[in-house]
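As structure tokens, one chain now follows by itself in the form predicted on its own.
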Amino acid sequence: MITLYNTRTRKKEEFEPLNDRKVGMYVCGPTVYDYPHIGNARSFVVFDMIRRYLEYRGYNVYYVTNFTDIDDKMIDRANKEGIEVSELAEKFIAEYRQIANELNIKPANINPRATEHISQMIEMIEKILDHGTAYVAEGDVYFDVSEFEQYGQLSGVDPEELSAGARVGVDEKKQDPRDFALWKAEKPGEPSWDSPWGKGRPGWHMECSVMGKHYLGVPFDIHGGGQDLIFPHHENEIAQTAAAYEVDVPVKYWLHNGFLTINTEKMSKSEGNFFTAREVLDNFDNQAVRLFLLSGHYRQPLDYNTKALEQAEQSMERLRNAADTLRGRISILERKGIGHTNADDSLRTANEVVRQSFEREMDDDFNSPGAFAALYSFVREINTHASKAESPAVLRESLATFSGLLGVLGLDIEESKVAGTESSQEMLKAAVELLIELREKAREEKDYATADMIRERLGEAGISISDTKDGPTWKIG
């Protein structure tokens, strides 16, 4: 049974979807006004991991993550660059997709854009007005926090404390400083849409409420995002969705990832203490970056530093080497024949232990550090027993287990592929195997010059040979 920490109830709960094995999951995506920083990437990776694990456990996940493509920051940036907001959005959506691809993030079932759902936003605002929890003020529409008794249920904020000492500015139309905009009246030079209250655009919080409801219904299972979204964004989402559709709990489970920090300070564009995801991915192994982002528990802060990324690269190499050890031994046994030793029994036992340990850790609120610890223990078992194993079936099972569990974390240790079709890869394999046989024959005949030449030429082609007591193994790279 999976347990997860629900921000709304402030405790771990057993995961029980609303609709048997089907899971509706909405994760707040980027506001596409700038290049994503590596702190943003942590959220992308964390919720991709959670989705993958739910799927591994047999759930059918419908995964939605949006693009906020109309927002104050987008308007300001577009004006500075002298381009349309829509052009700015296309630029940074393309960058997000590239970053997501390099971090091996599975494509969402749908990536809705806020501007595609303006009519539904207007409909939801009309429902809130009809239920008496919003008001119109000179073309703006505000949510009336005083009319929603459950306000603060997610963040724990006291609505009365929010208003204490706060003032409404002379240019603001809202009745109470706690109220927030559902619709903003048109301003010169800004994109706008027709509405019953005049031309304008939606408030940020309204966008996610509508897209979540449109694709997943109300209520749905999981809503995720960074801790900085708990208040006011997610708090306001709950208020307006509950008010519009008269439901107590519009989302069953709220999950939030911790910040990526630099010297214990939150990484953010506003503070100027950030690295773009592009900078990091251009300087470090992409899979090692993903491993680093999952190296701490998702709800806890994770400190960014070069040393940690270098250690992640070493860990990634350790994982790849273990997979290569299994592949190499399988290759030897395919030529040598099939046998059985105590090492095979030890590996078979290790397969079951790592799977149980991995699942136990991930079932406990997606504890990726514990899952990695189980995998590193399995690496030790591989390094101890694989070279003595005699059963290709057991070795293949070990490789499938290892590769499969790492795949749940979004890490790929599949054998290096060369460009071309599957048949061309098989031809390459056959050619390399033939050259290795010729090299072995030359060594038997003490023709070391020829043997060395074959090894060197293969090395120049990016194919490395390792000589073991049971014969040579090879890999690309």
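Given the structure is predicted, the values throughout are model-derived calculations rather than measurements. One-based numbering along the sequence shown.
The protein also exists as the form predicted together with a small molecule; that form is not presented, and the subsequent description refers to it.
- This chain lacks the partner; the member of L229, A288, L281, V85 within 4.5 angstroms of the small molecule in the model of the complex by a non-hydrogen atom is L229.
- Scanning M267, I382, A244, M316 against the small molecule in the model of the complex with a 4.5 Å heavy atom cut-off leaves one residue, M267.
- Shown alone here, F259 lies within 4.5 Å of the small molecule in the model of the complex, counting heavy atoms only.
- Under a 4.5 angstroms non-hydrogen atom cutoff, the small molecule in the model of the complex lacks P112 among its neighbouring residues.
- Residue contact with the small molecule in the model of the complex: C28 places a heavy atom within 4.5 Å of it.
- The closest heavy atom approach of H37 to the small molecule in the model of the complex falls within 4.5 Å.
- For the small molecule in the model of the complex, the listed stretch (439 to 447, 38 to 46, 53 to 61, 404 to 412) containing residues with heavy atoms inside 4.5 Å is 38 to 46.
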